[in-house]
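The form predicted alone is given below as one chain in structure tokens.
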Amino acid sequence: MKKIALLMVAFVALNSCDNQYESNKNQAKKMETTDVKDTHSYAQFDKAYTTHLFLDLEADFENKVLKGIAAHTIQNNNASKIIFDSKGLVIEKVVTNDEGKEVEFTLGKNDELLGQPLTVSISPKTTRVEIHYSTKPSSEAVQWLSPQQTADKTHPFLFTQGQAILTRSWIPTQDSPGNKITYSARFKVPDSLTAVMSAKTTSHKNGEFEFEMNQPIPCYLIALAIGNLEYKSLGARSGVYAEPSMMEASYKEFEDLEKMIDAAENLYGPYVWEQYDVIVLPPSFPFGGMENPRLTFATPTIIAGDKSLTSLIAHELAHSWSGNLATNSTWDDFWLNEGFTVYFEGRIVEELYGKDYADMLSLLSYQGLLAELEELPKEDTRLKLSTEGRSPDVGMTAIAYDKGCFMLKMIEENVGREKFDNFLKTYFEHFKFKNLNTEEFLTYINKELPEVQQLNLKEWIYKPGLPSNCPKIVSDKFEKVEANFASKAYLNTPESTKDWTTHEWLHFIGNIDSSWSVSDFQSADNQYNFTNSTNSEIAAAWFEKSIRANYNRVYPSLEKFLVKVGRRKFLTPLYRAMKESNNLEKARAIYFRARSNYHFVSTNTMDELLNFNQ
């Protein structure tokens, strides 16, 4: 009877998957802007939508304000109004091309998550809408940094971070990934500073910079940075921007970038964005990297001195195909961006550094995925999410990244690498500069790669948890680490670890459990000085284990780390570990000192985690 009951439960669950798929099947035609129904945007795309955006703004560092015009060229479907997303913006006036006159506009009721709808009156003949506006110092997308918060300590700095729905806090726009637009811009900045964007620089003189992005992109990829920047070429179509004191280390760290681009092109077709540069931002940047076209934004925490953390750059480069070319239509389909990108990242790394190296990365990802499957609400462990009424950030977990990747690995295992590679080439070409949702992906892959119809893709996508046919990753190097750990060779014969990579050390630290005493932590620390590691990944992993074991020697270094580094990937587990180890007040005290150094993306998460009220 127990077996019959389990079979019935499985049948009902899979039936539920089928029903969810069938209910969305009518969405599976080729996505067009007018088809997009995005619960995180006020825009009504079937009535009117932006096709091109021109920004003409001045950066006022003294008052921490961007001020000027956002001019939208629109597709007008005989509409009497167009709606933009706006959050915390000061709208001064709106002018249309209808005889160049000011027109009526209204800002609707403010929603804490979505901001306000900006509704502009237009006529059926309107094709251009100019919004005169300014930001506020509290804009969630924009971080204004004092000289002391930068590497050089000499000049102020500004950067934006739009993903997922923060672009509306510095540009009045239709803030949905489902509408791809071209854009151009003109920025006036202080003479001593350089402006860069996710676009081609077409002119710069006397503190005025002009840019063009001629390929259509979702507006979350419109990005700006202003600071005391130098540039150094890495090859025919790549280079690095950094503050002067960071340039030498950054240049050495990224010297394989041209090889990465070549490897990516050999796998899945031409790189279409012409130039691929990386800018190393101040440490308050909340992510490891952001795949802004032509200009990846990167955290300085990946500068380890041995290229051991540059797989992150391979990840952001891979987004040039998955995410930037073929883009999720709404944030419920976020896995289409990240699952494909993690898979592609692994293939680039394998091509450049070998299968052993790629397997170590995959196994670390798998371990992280298992941990998040335990922590997340069950409904959020599906690939296709339901984020209506919630921040899209709830989908930025190992589910989208790693469960999505392992599904693609499973497909590769079953159909063969060569056939799967051929499919991916056609996939990226078919959806180039377009959007798609999960249902369209399923329809496309079932048609182009019919072998997958025998696989349980709908279970992977619509059911929580990890299906039984998840690929198993084996790493010989990690097995040797485990044997070393168990025998304590790392203490008795420390030379046995002399050739270990960052990933082997992360696996070592990951094996530390509750059996370790404070004296065990002390012995390992005396031998390897983990507490003062200059490798941010190793330091963060060690700090978390130490906090939970009450190895309090780490706290001075931990506090310095948390005050300096704003990367959310590190902040969340470290503050959570303090909270769960009865050190909440200590966590709040550190956070009080550090908070002003963090971007909104990080403070928004930490405020909630620590129940912190300013």
Ligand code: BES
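Counting begins at 1, following the sequence as shown. All values reported here derive from a predicted model rather than from experimental measurement.
We do not show the form predicted in complex with the named molecule, though everything after this point is about it.
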property	result
Full three-residue contact with the named molecule in the predicted bound form, heavy atom 4.5 Å, for 161, 288 and 567	yes
Residue stretch of 288-296, 361-369, 105-113, 232-240 approaching the named molecule in the predicted bound form, non-hydrogen atom distance within 4.5 Å	288-296
Residue (of 333, 253, 338, 440) lying close to the named molecule in the predicted bound form, criterion heavy atoms within 4.5 Å	338
One residue of 384, 87, 72, 319 in contact with the named molecule, assessed in the predicted bound form (non-hydrogen atom, 4.5 angstroms)	319
Interface membership of residue 396, the named molecule in the predicted bound form, 4.5 Å heavy atom rule	yes
In the predicted bound form, residue 315 touching the named molecule (heavy atom, 4.5 Å)	yes
Close approach of residue 401 to the named molecule in the predicted bound form, 4.5 Å, heavy atom	yes
